[in-house]
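Here you get one chain, nothing else, as structure tokens; it is the form predicted on its own.
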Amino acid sequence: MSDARFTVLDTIRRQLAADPDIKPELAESPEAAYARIPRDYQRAAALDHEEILELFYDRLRDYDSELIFTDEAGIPAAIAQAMRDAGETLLLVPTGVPQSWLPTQGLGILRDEQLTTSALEQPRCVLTGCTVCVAMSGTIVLEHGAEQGRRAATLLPDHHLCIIRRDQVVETLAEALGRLTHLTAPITTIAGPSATSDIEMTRIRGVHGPRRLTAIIL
């Protein structure tokens, strides 16, 4: 057995206290082991908030995301513009999305009242909010609360419109994790439109989710 493998397995045995040959006083508690983890990575913002926002916008543009800047009152017009530009007419929305966000004419609105998978595939566009965004990596994080809908509803449509408030953007992943409230539930992290180059190094969009992402920044 290699030294590295022995070290890993020995550490696991000690953590779980599964080896009867290990004395109880040598078995470290999970709390003590967690407290002993070195945390020498960046855990707080080093930039001011305007710089953080510019970094986030740059990351989104690098990922071929579309950005629309507006205020609360301009959300319906921004949604209508994004869908008009994409040639889309049917919008899927979670049940918790405020009615004030939605355009009042020109679009079909489909509320996700526990729709079947086949029904979720009919709209080509879905609208959600988000929980937090990480500027360093250009990542949008969904906890799938009332405004964010079910995970399936954010993966099946081809175009994702996401409402983002400026105060939801932080610099580091550590800060973002501190804002999550449902740490035992699945989350979705989004870094631009879904794409992969795994097959013959050819970039293909839409393999794991929407191939188009529009960030509506308030």
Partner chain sequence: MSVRVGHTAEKSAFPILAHEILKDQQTRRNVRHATDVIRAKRALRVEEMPDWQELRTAAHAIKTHTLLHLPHYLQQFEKNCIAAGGQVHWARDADEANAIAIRLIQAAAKKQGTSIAEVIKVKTMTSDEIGMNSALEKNNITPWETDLADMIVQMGNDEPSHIVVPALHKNRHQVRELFLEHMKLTELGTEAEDLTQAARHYLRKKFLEVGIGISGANFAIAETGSICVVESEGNGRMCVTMPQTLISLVGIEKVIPKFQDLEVFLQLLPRSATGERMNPYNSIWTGVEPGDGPQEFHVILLDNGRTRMMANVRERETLNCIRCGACLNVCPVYRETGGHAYGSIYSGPIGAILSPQLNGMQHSRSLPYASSLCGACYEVCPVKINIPETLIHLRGKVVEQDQNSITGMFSQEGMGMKMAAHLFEHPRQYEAAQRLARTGQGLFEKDGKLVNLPGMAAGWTQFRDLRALPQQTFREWWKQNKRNKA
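Only the largest set of C-alpha atoms that superpose within 1.5 Å between the two forms is called the rigid core. Being a predicted model, the structure only gives us computed values, none of them experimental. Numbering follows the first chain given and starts at 1.
The form predicted together with the partner chain is left out here; the points below concern that form.
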If we test each of 174, 53, 45, 68 for a heavy atom within 4.5 Å of the partner chain in the predicted bound form, the one that passes is 174
Counting only non-hydrogen atoms and a 4.5 angstroms cut-off, does residue 164 reach the partner chain in the predicted bound form?
no
Quick one: is residue 131 in contact with the partner chain in the predicted bound form, heavy atoms, 4.5 Å cut-off?
no
In the predicted bound form, does residue 151 come within 4.5 Å of the partner chain, counting heavy atoms only?
yes
Would residue 156 show up as a contact with the partner chain in the predicted bound form if we use heavy atoms at 4.5 Å?
yes
For 191 to 206: residues with a non-hydrogen atom within 4.5 angstroms of the partner chain in the predicted bound form?
191, 192, 193, 194, 195, 196, 197, 198, 199, 200, 201, 202, 203, 204, 205, 206
When the rigid core is used for the superposition, does residue 34 move between this form and the one not shown (threshold: C-alpha shift of 2 Å or more)?
yes
